[in-house]
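Consider the single chain below, provided in structure tokens and representing the form predicted on its own.
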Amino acid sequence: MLGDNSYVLRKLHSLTGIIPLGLFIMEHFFINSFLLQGEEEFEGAVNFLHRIPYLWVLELLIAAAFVFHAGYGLYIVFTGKSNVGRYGYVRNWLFLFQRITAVVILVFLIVHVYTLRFSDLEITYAALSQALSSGFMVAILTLGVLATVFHLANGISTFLISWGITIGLRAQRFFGYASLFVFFVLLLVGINIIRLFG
């Protein structure tokens, strides 16, 4: 349907998933991990982040990358064909889960961004802890973290393949395991952040 542009769009889609969106996720986890040092350190890190000069430019770039990545990602979701019923290979299952998590993340991020940027919720430890006092909210956030870290970790692996960085089965297998390691590390960090707000 997109004709000759599809190769370029897929490359841009892959690239925006890693830079800047993947880096933004890492930064997000890093800032929230200041909770390990206490409430004041967390709020200090959040305040520092909000005082970065030209923050609005960075936010605009990240928002533009997200809109493109999500928009083209939805096109891929609804035009791609899963064949796990006929071929139950790991890569086919990863293909399917990448598409499922894309939709989960889109819904999760719309709610997450609205709640933290456009509602009256103040970004303080007390306010976030109060918001996460509900088991339902903890479950939603956990699902969002799980989907996000899977999508990013698997995205790193497919990025390396599609950009010709991992050539050959051996390299792809090695970096497949490396991306699995990234998934578990980020998942543990994300779950620990949720736990620290409890």
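Please read all numbers here as calculations on a predicted model, not as lab measurements. Numbering starts at 1 and runs along the sequence shown.
Keep in mind that the form predicted in complex with ligand HEM is not shown, yet the notes after this line are about it.
A.B. asks: Just to confirm, A126 within 4.5 Å of ligand HEM in the model of the complex by heavy atoms?
C.D. replies: Taking the distances in the model of the complex, the answer for A126 is no, it never comes within 4.5 Å of ligand HEM.
A.B. asks: Given that the partner is absent here, does A70 sit within 4.5 Å of ligand HEM in the model of the complex, heavy atoms only?
C.D. replies: Yes - in the model of the complex, heavy atoms of A70 and ligand HEM come within 4.5 Å of each other.
A.B. asks: With the cut-off set at 4.5 Å between non-hydrogen atoms, does G190 touch ligand HEM in the model of the complex?
C.D. replies: Because no heavy atom of G190 falls inside 4.5 Å of ligand HEM in the model of the complex, the answer is no.
A.B. asks: So in the model of the complex, does any heavy atom of V182 sit within 4.5 Å of ligand HEM?
C.D. replies: Heavy-atom contact with ligand HEM at 4.5 Å: absent for V182.
A.B. asks: Contact check in the model of the complex: I25, L74 and L152 versus ligand HEM, with a cutoff of 4.5 Å between any heavy atoms. Do all three pass?
C.D. replies: Yes.
A.B. asks: With ligand HEM left out here, work out from 131-139, 47-55, 153-161, 32-40 which stretch has heavy atoms within 4.5 Å of it in the model of the complex.
C.D. replies: Result of the contact check: 153-161.
A.B. asks: In the model of the complex, which residues of 16-45 put a heavy atom within 4.5 Å of ligand HEM?
C.D. replies: Contacts from 16-45: G17, I18, L21, G22, I25.
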